[in-house]
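The data below hold one chain only, encoded as structure tokens and taken in the form predicted on its own.
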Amino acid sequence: MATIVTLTLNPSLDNATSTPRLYPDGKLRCARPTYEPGGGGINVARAIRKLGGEALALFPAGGPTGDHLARLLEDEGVANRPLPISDWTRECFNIVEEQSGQQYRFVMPGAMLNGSEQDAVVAAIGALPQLDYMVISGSLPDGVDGDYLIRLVEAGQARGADIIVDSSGKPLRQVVSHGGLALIKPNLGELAVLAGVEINDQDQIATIARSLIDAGKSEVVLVSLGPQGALLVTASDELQIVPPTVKKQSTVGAGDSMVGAVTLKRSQGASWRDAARYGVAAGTAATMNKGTELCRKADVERIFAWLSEKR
């Protein structure tokens, strides 16, 4: 069985609650909070687990919030390996205003990683007994730049792993410039930044994606198109996958669900087309749930079957 490891450099303990109405100065009485693990790679591992697969979530963790995060993953049955750091893992807040139904997301700065702690993450990758797929997903904490991502990619590549990256901004540009990736999943804005041009039509999207592939930057580019699904581009193939219309409750975790589903299908030997369809199904299924619930397997399988019939 192929081994999947997800890497989250900026994990969080996510606290969700609701209050009747938001207003300044007064005390806002809130519902009992719920806590969930957060961070790109962590949510990818959680999605894989929800879909019946296994993945090891590797992440730096510190303080009581880091301990709480690890316990929550244990409760979900997600294999995890927290790497001790001195700073506390951040805690983020999601608040729903009941009167309007609007959601407010308060994202805190990530825990700092000093030089030795950064080295420990690289060493942990090298010490893994097996590594077939490594997913690097999420933002970077302060003090960590894209050059460090390249070190992590090289550590995974030295183990012969397929590297899947879901990031943004300068870190994404730097790691794509390094090249040799198996998959990147930019949205339209991120793809435009990578190309340094404005994107005005779908033909342009495919041309830019294929130029990255031809240059050896990534074997596959899966461009996220929001409600329009995704555009899969390989060296010899191009496929837009448009999901069915569903009642959208929240977009939180949709991208992570997509990446998790794609990685799981590929690890099971599926073609890129089927893996991308499964990813779009998972991303769509995640939007059907409130808050940060991610995708449900039954919804994913139903949407995947619908997409497969539309070949």
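Just count from 1 along the sequence shown to find any residue number. The shown structure was predicted, so the numbers you read here are calculated from the model rather than taken from an experiment.
Unshown form predicted in complex with a small molecule; subsequent notes refer to it.
- In summary, among the residues G169, G143, P227, G179, the only one with a non-hydrogen atom within 4.5 Å of the small molecule in the predicted bound form is P227.
- This chain appears without its partner; in the predicted bound form, the one residue of L264, M258, A61, A57 with a heavy atom within 4.5 Å of the small molecule is M258.
- Taken together, the three residues V135, S139 and V165 lack any non-hydrogen atom within 4.5 angstroms of the small molecule in the predicted bound form.
- With the small molecule left out of view, the stretch that reaches within 4.5 Å of it through heavy atoms in the predicted bound form is, among 180-188, 157-165, 125-133, 95-103, 180-188.
- The small molecule is not drawn, but in the predicted bound form it has no heavy atom within 4.5 Å of I42.
- Using a 4.5 Å cutoff between non-hydrogen atoms, S271 does not count as a contact of the small molecule in the predicted bound form.
- Interface membership of K248, defined by any non-hydrogen atom within 4.5 Å of the small molecule in the predicted bound form, is confirmed.
- Contact annotation for P37: none of its heavy atoms lies within 4.5 Å of the small molecule in the predicted bound form.
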